[in-house]
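Taking the form predicted alone, here's one chain by itself in structure tokens.
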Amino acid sequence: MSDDTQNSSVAMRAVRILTAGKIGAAPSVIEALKFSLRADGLSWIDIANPDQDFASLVRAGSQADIALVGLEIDADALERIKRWVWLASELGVPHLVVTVESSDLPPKGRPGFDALTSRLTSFVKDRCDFQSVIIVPINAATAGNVVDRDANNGWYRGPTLRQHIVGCATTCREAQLQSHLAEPVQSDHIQARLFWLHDEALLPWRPFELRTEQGQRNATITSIKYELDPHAVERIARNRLLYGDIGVCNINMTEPFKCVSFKQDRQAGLFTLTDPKTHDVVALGLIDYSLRRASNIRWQETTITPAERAEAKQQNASVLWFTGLSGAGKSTIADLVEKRLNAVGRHTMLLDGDNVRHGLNKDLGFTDVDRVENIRRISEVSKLMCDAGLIVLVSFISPFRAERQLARETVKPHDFFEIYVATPLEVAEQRDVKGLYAKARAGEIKNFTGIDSPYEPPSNPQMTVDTTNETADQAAESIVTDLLKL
């Protein structure tokens, strides 16, 4: 197929203009400009309050070809405009058009114009990456330099606003044709820029659904490498992203897909992350590139399979995941369950939260981020032990539903039994032999579950144990009898 034939088969979309804030001319003038440009195949996306609507600005910017903003001389307004412009650059908008009202200009012709606009032009030069940048002085009263030239600003020799936008549109259409020639790379691990759009913070290793024009993949954020900021020269280290933050992240997918960088193809390189339960969009992402490890690492099949290892032990490998508050009785019950399983010839391994923190997880604290990593590591260890044919008993507070779901997904295809030791907080405090709750109440221990860090009870556990109504021995016996059918 020739290039001409291939290009002619590409569906061209309208060139999109993103406007943010005040443009600087009378509304009727701007509406007339919009009407005339629509005839040239251009469409408009207006964001009236970009500071209050970050999500809309990000979604619109990812689709826009031209960013049109009005320069205001107020210092606070200028800082807001700098951020809008920087966001447009990060979102890949190729062309920046800035308008400035003639009434705001000092009476010095070109020198006054340059003095007024120097702070913005310096910022754009240092912090942004546009293909073209122009600042057009317009006369709000006469519409000068909007469509026709402004007779009052004869020193300005550049194009009118309409002339420049039409020229940019031609360049954008040519770029659309070229973008479809980008060569995709099969990958299951990428680096991407994430624009976080959710009120709940992003923590690494939580599961999401990644959606591209190719379809959907299950994905996890394996690391937040650093945060992006319009004024930061050095990279900003972050372990979480909050609403409105932009982070460079590594993302792993359960299945590979044909990856194209956003710079090569703004449509194919764009994706969204959604919550796997609510399916709400939590982030918009731009693919930077495939990580090399995706092509260097292959799964090595072994001769002896996990099923054969379990069969040799005459049992089904599985995970019994005990969750509940500190002092609920998880470790005691898990120990009694393991004792009963061993008495009937089962091969087990008990992983206790405190014990694991003496070795494998000794580098982790108790912040939300560290708790997520704590459970991620234990989930992977549990899967390895299941692959060895063992019944694994895990006794961890594991306070977040998302991390327990991650553990369930990690150990697949092995069985995962979530056992909720449902002891009320006041009862757990009464049993506090370590004195931890008292120290947490006194402020001596930070990030303590149930006091200043939340616990999210299971929504649908395989079994619930109420230790206020039954002893640990009774609970262990019911788990072995009723849940495992042994």
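None of these values were measured; they are calculated from a predicted model. Numbering starts at 1 and follows the sequence shown.
Just so you know, the form predicted in complex with a small molecule exists too; it's not on screen, but the next bit is about it.
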property	result
Heavy atom within 4.5 Å of the small molecule in the model of the complex - residue from K439, K446, R431, R38	R431
Heavy atom within 4.5 Å of the small molecule in the model of the complex - residue from S261, Q405, S318, S331	S331
Segment assignment from 338-346, 318-326, 412-420, 127-135: heavy atom within 4.5 Å of the small molecule in the model of the complex	318-326
Proximity of T464 to the small molecule in the model of the complex, heavy atoms at 4.5 Å	no
Contact of S382 with the small molecule in the model of the complex (heavy atom, 4.5 Å)	no
Partner contact for S398 in the model of the complex: the small molecule, 4.5 angstroms, heavy atom	no
E470, heavy atom within 4.5 angstroms of the small molecule in the model of the complex	yes
